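Shown here is one chain on its own, the form predicted alone, set out as structure tokens.
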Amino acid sequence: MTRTNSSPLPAPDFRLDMRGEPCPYPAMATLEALPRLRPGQVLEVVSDCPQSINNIPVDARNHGYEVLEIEQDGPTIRYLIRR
């Protein structure tokens, strides 16, 4: 698990389940979903694409979003991203 700070994590407002989708679709769907959130809302993204660990956090940060947590459980990777 990777956390960017030690404060309690907020509950996600929306969930994007991308399990079974090959890259680059999880990253593309994440970048399409984030602008639809209101500022401060949190998106949970679940992916089993191993390359998403290199794409989703970097893309989110490059677009000005805050990556709150990255948690891996076997092949499944869970991201919490705040708009």
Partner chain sequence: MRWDEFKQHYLIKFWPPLPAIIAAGVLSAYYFGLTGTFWAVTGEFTRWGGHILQFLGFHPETWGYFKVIHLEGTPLDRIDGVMIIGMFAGCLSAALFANNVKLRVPHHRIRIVQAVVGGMIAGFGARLAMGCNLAAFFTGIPQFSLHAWFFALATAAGSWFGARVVMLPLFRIPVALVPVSKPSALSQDPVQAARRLRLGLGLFAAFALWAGVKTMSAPTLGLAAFCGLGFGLLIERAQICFTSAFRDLWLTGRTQMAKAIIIGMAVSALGTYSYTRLGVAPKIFWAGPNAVLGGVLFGFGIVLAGGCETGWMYRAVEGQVHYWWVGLGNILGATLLAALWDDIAPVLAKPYPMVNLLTVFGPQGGLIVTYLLLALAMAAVLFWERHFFARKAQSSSLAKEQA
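Positions refer to the first chain, counted from 1. What you see is a predicted model, and the numbers here were worked out from it, not measured in a lab.
Missing here is the form predicted in complex with its partner chain; even so, the following discussion is about that form.
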query: 4.5 Å heavy atom contact, R78 to its partner chain in the model of the complex; finding: yes
query: 4.5 angstroms heavy atom contact with its partner chain in the model of the complex for E71; finding: yes
query: Interface membership of D17, its partner chain in the model of the complex, 4.5 Å heavy atom rule; finding: yes
query: 4.5 Å heavy atom contact, P50 and its partner chain in the model of the complex; finding: yes
query: Contacts with its partner chain in the model of the complex, stretch 26-47 (heavy atom within 4.5 Å); finding: M28, A29, L31, E32, A33, R36, L37, L43, E44, V46
